[in-house]
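Shown below, as structure tokens, is a lone chain in the form predicted alone; questions about how it binds or moves come after it.
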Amino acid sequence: MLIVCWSPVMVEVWNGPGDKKTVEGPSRMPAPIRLRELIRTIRTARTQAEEREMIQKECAAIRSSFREEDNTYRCRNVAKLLYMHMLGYPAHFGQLECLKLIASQKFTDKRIGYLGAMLLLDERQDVHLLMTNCIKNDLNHSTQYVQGLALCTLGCMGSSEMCRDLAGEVEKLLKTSNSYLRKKAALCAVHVIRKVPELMEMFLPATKNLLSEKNHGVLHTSVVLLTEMCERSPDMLAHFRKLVPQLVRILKNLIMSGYSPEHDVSGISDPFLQVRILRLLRILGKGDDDSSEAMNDILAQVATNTETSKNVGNAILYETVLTIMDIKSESGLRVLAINILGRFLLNNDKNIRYVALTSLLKTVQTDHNAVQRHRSTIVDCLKDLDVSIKRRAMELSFALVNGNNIRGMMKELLYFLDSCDPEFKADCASGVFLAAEKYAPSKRWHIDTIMRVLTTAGSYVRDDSVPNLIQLITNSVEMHAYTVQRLYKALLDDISQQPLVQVASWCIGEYGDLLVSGQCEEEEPIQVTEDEVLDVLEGLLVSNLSTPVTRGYALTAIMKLSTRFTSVNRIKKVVSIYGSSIDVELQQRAVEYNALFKKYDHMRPALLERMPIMEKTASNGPTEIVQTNGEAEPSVVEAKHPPPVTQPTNQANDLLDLLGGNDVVPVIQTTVPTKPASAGGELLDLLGDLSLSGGPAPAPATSVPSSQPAFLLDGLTSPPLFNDIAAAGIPPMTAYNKNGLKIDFTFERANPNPNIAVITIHASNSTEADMTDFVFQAAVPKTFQLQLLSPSSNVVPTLNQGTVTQVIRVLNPQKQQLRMRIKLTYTHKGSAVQDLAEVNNFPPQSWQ
């Protein structure tokens, strides 16, 4: 017999005696699945789409449960939501449910609620402020575990407002005798100090007894708290220096104590606490003799007694080394620290070798001799397969180079340059150039080394390597025959390395007569005819491997050989052919050289004679070459100016975009290497930047459209720029003074045209570091015309030891008030700096 009885809540089904079942009725939803079942279900998903479908279905069920205010399963649903959040799915709709769980009286609900708050809430959302009162109540709860939950949450995501409101409760718990709460309160205090530094003094009284605690957890968090306070306040640092003996005693007890199963990690007693204490000692001992003296002995004990067979011991030793290097330690202790790093280099662990190389690189300047003892081990690291280790080893190897080991170190580094990956070649080649220039034992060795680099990695060298090597060769008078012979042989073997080809072309053009005459004494001379040399240079002109710059070097070399070889007719033919080249630069050179053969043939030998010795005038930054007799030719002028000084025209026009562009005209930037061809064929049109009178070369001028005012062409057809300028009695002015960089303007008038104001800028640097890659740009309204000449240097020396000067010529035909916008870019202490300014306070005499 079957009897069915309905109830508002459940259905009872009775089939007879002893057989009664209760089934949930329509008024109650089915129980949601447990978290473990959800995890198992999600892991069975074979595709990402299948997993998303499962997550969306479960999220819908959780939302429905939240809407119905189901308190029974809220904790389970939030736990599942947190798991989905960890998988990367949105879970923001559970934020308010977390607050409801926190307000619950059940510990299980509070635990999930606080966990959810730490994961789903942060100070950017106003919702988190709603839990401030709950946290305050729980901080005063009678159960320590509830207090611990509140401390963890506040220390994890408390905003500055919450920290201000609850700092008093945290400070109170920091003084409690319960070690479980003290360690959590200490970490919470660290977070409070980071958010609200002015509350630091509130915790100062509570820190007095923290280091006397026996519990290692409290000790650890106390050291973290002291470290944070010392890093943020110099006053706190001075206050806590008196704790150095106590910290030394704690560290000594850790080292000397026997086996403790609670704190032992791989045979070392509480390495985490040891590392924290060492970091705090490093901060306290830095720059203080007394504190450093107090910790010297314990640092020596840690360095000698710590086991190095396990990674735990290596971590402690590494922190010890850093502490020794930062404080004012004894010389013997520093040698011990460097020897520890040397042992690290022999470790099989790549991470340990990397940190050892990085640490040695930081200390090589102060303890050079101690690091030199591990030179062979460091060089061996160049063969490591790990690219990070290789790079650090390369940087450290260059730092170890000096006059005593230059030959051996360069041999190893050149071998590394031959076999290293392309990503290393540029930095390695630059390092070799700098080291060779600084420590070269002889000029022949220097030239051989640079040529070896150009032969093996010529495509990766910096742009200034070509002019620097040309300057080196020019100054080594006794090596000219040897150098030109070596470079000629290199050209026969390989013409793919463009910097090498450019230097070789220049040398053959300068010293081709020495090559043909066979005057080399340093090695067996080779027999070369004039036609063979010209064949090689003509081959460069037609080679697909040659860049336009290389072809310019080759054509100029052929032109120079017209005064050194007898095959003048062949050279004339080659030059005339390229007068119709599609390469504008090559065509311009050929047309100008052709004019020398025709109209100015009587001056050709004087113009194409050998370059004089070139001197370096800048001790900092890029090298600038000064020509002593004022004569040059275009290929050498290219080598004269470092790339940062000569700005591309589009960079000058970029200033318009930054300055608004509608009412300003761009600066016309002068560039020395390229000269416009002139229909008139005048000599100054051909070589406008050369002075035939033996004086200094006039400032170069630029090609401008015919619609531009005539003064822009003055530099081509008139005497040197500064011969036609008269002092106008105009007071100087400061146009810019910021971040240690000062720009002063001085004014003069040009005699032929009173509408032209000549402004000289003087850039000075009052900081303790050079300002490199300095570029000054300017723009003026359209009613003016502006010409910006090349600067004297691109390095502004430190501490006002010199100035960078640059000339601006401004045409103001309407006598309007002068306005100018300037853009300054430079590199200072490794950081790129860019700034804009507007100058409107010019003296009236400068524009009236």
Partner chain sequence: MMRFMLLFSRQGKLRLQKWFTSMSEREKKKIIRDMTTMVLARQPRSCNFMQWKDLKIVYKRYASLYFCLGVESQENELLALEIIHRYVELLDKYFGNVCELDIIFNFEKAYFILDEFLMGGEIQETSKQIVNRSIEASDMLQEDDISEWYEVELFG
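Since this is a predicted model, take the numbers as computed values, not measurements. We call the rigid core whatever largest set of C-alpha positions still superposes within 1.5 Å between the two forms. Residue numbers count along the first chain shown, from 1.
Omitted here: the form predicted in complex with the partner chain. The next part is about that form.
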Report the stretch among 216 to 224, 375 to 383, 431 to 439, 740 to 748 that approaches the partner chain in the model of the complex to within 4.5 Å, counting heavy atoms only. 216 to 224
Does every residue of Ser517, Ile613 and Gln834 put a non-hydrogen atom within 4.5 angstroms of the partner chain in the model of the complex? no
With the partner left out of view, is Pro261 within 4.5 angstroms of the partner chain in the model of the complex by any non-hydrogen atom? yes
Touches the partner chain in the model of the complex: Lys598 (any heavy atom, 4.5 Å): no
Closest heavy atom of Arg124 to the partner chain in the model of the complex, within 4.5 Å or not? yes
So in the model of the complex, does Val265 come within 4.5 Å of the partner chain, heavy atom to heavy atom? yes
Work out which of Glu412, Glu538, Glu319, Asp513 lies within 4.5 Å of the partner chain in the model of the complex, going by heavy atoms. Glu319
With the partner chain left out of view, which of Leu341, Ile112, Ile558, Met394 would have a heavy atom within 4.5 Å of it in the model of the complex? Ile112
For a quick check, can you give me the residues of 137 to 158 that have a heavy atom within 4.5 Å of the partner chain in the model of the complex? Thr143, Tyr145, Leu151, Cys152, Gly155, Cys156
Quick check: Thr366 between the shown form and the other one - does its CA shift reach 2 Å or more after fitting the rigid core? no
For Met410, is the CA shift between the shown form and the other one at least 2 Å following rigid-core superposition? no
With both forms fit on the core, has Leu82 moved 2 Å or more by CA between the shown form and the other one? yes
